[in-house]
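In the block that follows, a single chain appears as structure tokens, in the form predicted on its own.
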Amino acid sequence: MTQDELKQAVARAAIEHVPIGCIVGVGTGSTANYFIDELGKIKHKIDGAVASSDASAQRLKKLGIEVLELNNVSDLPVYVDGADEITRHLSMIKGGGGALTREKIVAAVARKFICIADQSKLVDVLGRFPLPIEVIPMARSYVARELVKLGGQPALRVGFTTDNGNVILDVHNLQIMKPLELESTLNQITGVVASGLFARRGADVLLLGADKGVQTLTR
């Protein structure tokens, strides 16, 4: 199967985890887009969606799915999103598409976080994919210096601004042996809005697209 076919397979599998009559949290990125397309096929069975980015919101609206503000939603049974890297312990790096802060917020609210990914995203140790950090613009240089102290090589994502009006530093050459500890350290750096390290709130379920079919991993 091609990578796109694997993404379609996990997107279809994720639909089975969506309760009838619920509001669905929806992520951002190429795999999440396949899920949005599948969601469009059952839009009559759900009450709407919360999107983690403007791009996903527009895609949902084009399919006729009502997009709700998270502040107006009291219960979010499930959130479905992809990952740039994920371990068997279901810690992730996310944010390749730049929506990491909003993804983190929606994931925090959701009762169940389902990650959908193809087999190329499964790793033993996080860090081969550069770790995105969303930063307040005036703190960019300071945060970069602090990241160097942690052993990383930060690079500004040129020409990119998040939906929140901030910049992203992509941190290269990290071997993330202790994701929980690193996430807490990053959160303490003044000027960091959020990191793309999802360890404190990792996935509850991983639907992994593999050549032999969709595998399910849980915490």
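A quick note: this is a predicted structure, and the numbers were derived from the prediction, not measured. Heads up: residue numbers just count along the shown sequence, starting at 1.
One more form of this protein, predicted together with ligand 5RP, exists but is not displayed; see below.
A.B. asks: Three or more ligand atoms within 2.4 Å of the backbone or C-beta would mean blocked. So with ligand 5RP superimposed as it binds in the model of the complex, which is it here, open or blocked?
C.D. replies: This form leaves the site open.
A.B. asks: Can we say 135, 146 and 195 each have a non-hydrogen atom within 4.5 Å of ligand 5RP in the model of the complex?
C.D. replies: No, none of 135, 146 and 195 comes within 4.5 Å of ligand 5RP in the model of the complex.
A.B. asks: Since only the chain is shown here, I'm wondering whether residue 131 would be in contact with ligand 5RP in the model of the complex (any heavy atom pair within 4.5 Å).
C.D. replies: Residue 131 lies outside the contact set for ligand 5RP.
A.B. asks: For residue 179, is any heavy atom within 4.5 Å of ligand 5RP in the model of the complex, or not?
C.D. replies: The answer is no: residue 179 has no heavy atom within 4.5 Å of ligand 5RP.
A.B. asks: Hey, in the model of the complex, does residue 127 get a heavy atom within 4.5 angstroms of ligand 5RP?
C.D. replies: Answer no; every heavy atom of residue 127 is more than 4.5 Å from ligand 5RP in the model of the complex.
A.B. asks: Quick check on residue 154: any heavy atom within 4.5 Å of ligand 5RP in the model of the complex?
C.D. replies: Judged by the heavy-atom cut-off of 4.5 Å, residue 154 is well away from ligand 5RP in the model of the complex.
A.B. asks: Could you tell me which of 104-112, 70-78, 135-143, 91-99 sits within 4.5 Å of ligand 5RP in the model of the complex, going by non-hydrogen atoms?
C.D. replies: It is 91-99 that comes within 4.5 Å of the partner.
A.B. asks: Pull the contact list for 3-19: residues with a heavy atom within 4.5 Å of ligand 5RP in the model of the complex, in sequence order.
C.D. replies: Contacting residue: only 7.
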